[in-house]
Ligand SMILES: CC(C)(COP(=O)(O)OP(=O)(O)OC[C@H]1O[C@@H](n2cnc3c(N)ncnc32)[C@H](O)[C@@H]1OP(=O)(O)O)[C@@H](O)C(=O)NCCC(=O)NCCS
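Just the one chain here, laid out as C-alpha cells, in the form predicted on its own.
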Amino acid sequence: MVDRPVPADTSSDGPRALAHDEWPLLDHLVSTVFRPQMFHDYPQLFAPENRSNLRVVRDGDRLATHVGITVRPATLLGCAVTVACMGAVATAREARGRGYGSACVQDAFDHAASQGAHLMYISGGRDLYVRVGCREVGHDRTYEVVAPSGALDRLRRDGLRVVLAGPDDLPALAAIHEREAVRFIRPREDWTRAMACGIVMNTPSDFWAVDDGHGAIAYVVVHRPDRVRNRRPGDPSLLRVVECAGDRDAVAAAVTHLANHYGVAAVEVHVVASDVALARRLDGAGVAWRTEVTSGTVRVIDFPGLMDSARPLLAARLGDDFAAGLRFEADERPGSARGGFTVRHGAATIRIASHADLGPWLFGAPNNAFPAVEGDGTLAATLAGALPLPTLWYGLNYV
C-alpha cells in the first residue's frame, strides 16, 4: 500500500521531478519563499544534473511546492552508506493548506529510496518533518573557545601557517577530507561549487588551509563573523567553524590563528561524537562545551539496508558470529513513514515501534534519552553496546 499523502486539489500535477522548462518557475518559487539568491547559494542542489531530485507540484502556470534532495555516498567508520539530504522545502503562500507539502516530502522519501538511500538528513525540524518520524539525533559537543580564558594560548602550535585557500588548493583539501573516518564522499563538483559560491551551511564562509611547511595537513571552513546568523545586536563577535578535517592538533591551532585574524571574542566548534581526537585536544586546553545534536533532523529510509551496510561495524563491536546472526526487518517498504522495526537473533527479538524511536535508538539522542524497545532484554542490552552509530556533519553538503 502506498502511504503518499494525496493533495486535496486533484487538478494539480505531481509530485514529480522538475521538468526541463520549469527552472524559471522554480527560481521564482524559492526566491519568493526564501530569498533571491537560492540558486546561487545552493549550487549542488540546483544543478542541471540534479533535476530529477527536485520534486515539485505544479498548479496551473506556477509551481506550488518544491522539495529538493541530493544523494551522496558516505562512510561511517568504514561502512558504506547512501545518504539523501533534503532542503529548500517551499510551498507558495497561496497554495498552503492543500496537502502539497506533505505529498512532496513523502515523494522525496520514495524517490530517495528508489536510488538506494539508507538515510535522509533534513536541514530543519518543522512539524512537516517531525510528524513523519524525522528526529533530532546525535550526542555531539559544541565547544566555545572564549578569548579571555587563556585557551587560545593553550591551543597554539608553532611551525604552522594558516593560509586562505583558493581553487588551486581544492585537490589538497579534498585529499585531507578523504582520510576522514566519518564523512560524505564528495564528487569534485561539490568542492568547486562550494568554494565558487562561498556559502557553506547557509552563510558566507572562508576556507583556510593549515600547512606545516611540507604541505597542507588540515583545513578549516568558517562562517565570516560579520555574517553569522542568529546573532543579536550587542552579542560578542563569534567565529563559527562549520567544517574541519585533518590533523586535529593543527585544526585546534588554527582556531587560535583565526580568532586573532578576525578579532573575535569567541570561536565555536561543533565536534561530532566520533571525533574523539579533536574533543580530547579541546578538553586538554580547558575549553568549555555543551551537548548538541547533529544539524537538522534525520530519518531512516531503509532500515534493513542500513543495518546490513553497518554489519562490519557491528561485528567489530559485538563479534563476527553474533553480528552475522542478526536479522533486520521493517514492517513497510523503504521510504514509508509507517510501521515499526524488528531485530532478530535466533529466537530472540526486539521491536522498535516507529521512525520516531528508530533514529534516536540508532544514532543517540539529546541527553542520552534513548527510546525504550520492546522484547528480549538480553538482546536489547547487547545491541545497546554497539550503539550509537556515528552521525554525519553536513559541512559543504548542507542543502
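In this text the structure is predicted, and so the values were computed from the model without any measurement. Numbering starts at 1 and follows the sequence shown.
The following text describes the form predicted together with this ligand, which does not appear among the structures shown.
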Contact test in the predicted bound form: Arg183 vs this ligand, heavy atoms, 4.5 Å: no
Would Val33 count as touching this ligand in the predicted bound form under a 4.5 Å heavy atom rule? yes
Please determine whether Tyr121 contacts this ligand in the predicted bound form, using a 4.5 Å cut-off between heavy atoms. no
Ser102: touches this ligand in the predicted bound form, heavy atom cutoff 4.5 angstroms: yes
Among 125-133, 302-310, 154-162, 266-274, the region lying within 4.5 Å of this ligand in the predicted bound form by heavy atom distance: 125-133
State the residue from Arg188, Arg96, Arg290, Arg280 whose non-hydrogen atoms include one within 4.5 Å of this ligand in the predicted bound form. Arg96
Could you spot which one of Gln106, Thr294, Thr91, Ser205 gets a heavy atom to within 4.5 Å of this ligand in the predicted bound form? Thr91
Going by this ligand in the predicted bound form, which residues of 372-399 come within 4.5 Å of it through any heavy atom? none
